[in-house]
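Read the single chain below, which is given as structure tokens and is the form predicted alone.
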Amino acid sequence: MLLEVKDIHVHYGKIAALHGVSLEVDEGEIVTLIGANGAGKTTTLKTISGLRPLSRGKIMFDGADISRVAGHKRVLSGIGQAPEGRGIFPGMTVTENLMMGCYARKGDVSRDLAQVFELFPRLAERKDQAGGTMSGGEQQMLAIGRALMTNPRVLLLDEPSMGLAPKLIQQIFSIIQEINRRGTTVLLVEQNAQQALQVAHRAYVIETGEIVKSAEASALLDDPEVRAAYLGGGADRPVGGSEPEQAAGAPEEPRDG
């Protein structure tokens, strides 16, 4: 197993945001984590990447315990993340943004840069343009491209379709599948559950900081409770049947999934 999250608990002050989240991602998979706004999706990714400290539990990566490893060292070990909200450097050019993704790497990265431009031809066309002047879809491509420049074994994607037009959403998900076909494992957080379940191999459903379902993605697509809660017909009603609420009243960071 490439990535194992074992019974992790995360707090914001005294308030529990995650209580007992466990999930696994095997090498070569696309695994998606779906749930309502405030369920703990983004907190889970931030904890895996080292941006949020654990209160309890364990994170294993390629057999090693990284629970207390600093975030920048997790990047060097092969965990890359494209954050929610893109987080690009608006005053830097496309190329400069991409190079920020590999600032800690040694050696020639020209091949990686060429592969990102191959995946995202629009970025190649605008390589000298300031990131902040591009469209939302182009900025999302840039955020994913920058994460790929870390040369990740597992890529954490947080709401890559947020705010995009339907045509661009289709394009982004096609690119996610191509990234996976080229050998990168993907852990995908998405509120667009329909699209996420269509591209993923396996899926987890999170509600108020706890995993409540896990199965093959195709099985969850056909699950009546999941369809009612996340695929239309009561779109925000949790699978557990209660009204949606933030995990144990946790004051999640802005727009945390």
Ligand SMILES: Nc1ncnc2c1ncn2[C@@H]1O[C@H](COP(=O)(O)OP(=O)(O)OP(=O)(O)O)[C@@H](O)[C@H]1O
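This is a predicted model, so every value here is computed, not measured. Don't overthink the numbering: it's just position in the shown sequence, from 1.
We do not show the form predicted together with this ligand, though everything after this point is about it.
Heavy atoms within 4.5 Å of this ligand in the predicted bound form map, among the stretches 213-221, 42-50, 56-64, 193-201, onto 42-50 alone.
Put simply, Ile30 is far from this ligand in the predicted bound form: not one heavy atom of it is within 4.5 Å. Among heavy atoms of Glu138, none comes within 4.5 Å of this ligand in the predicted bound form. Put simply, Ala36 is close to this ligand in the predicted bound form: some heavy atom of it is within 4.5 Å. In the predicted bound form, the residues of 1-32 lying within 4.5 Å of this ligand by at least one heavy atom are, in order, Tyr12, Ala17.
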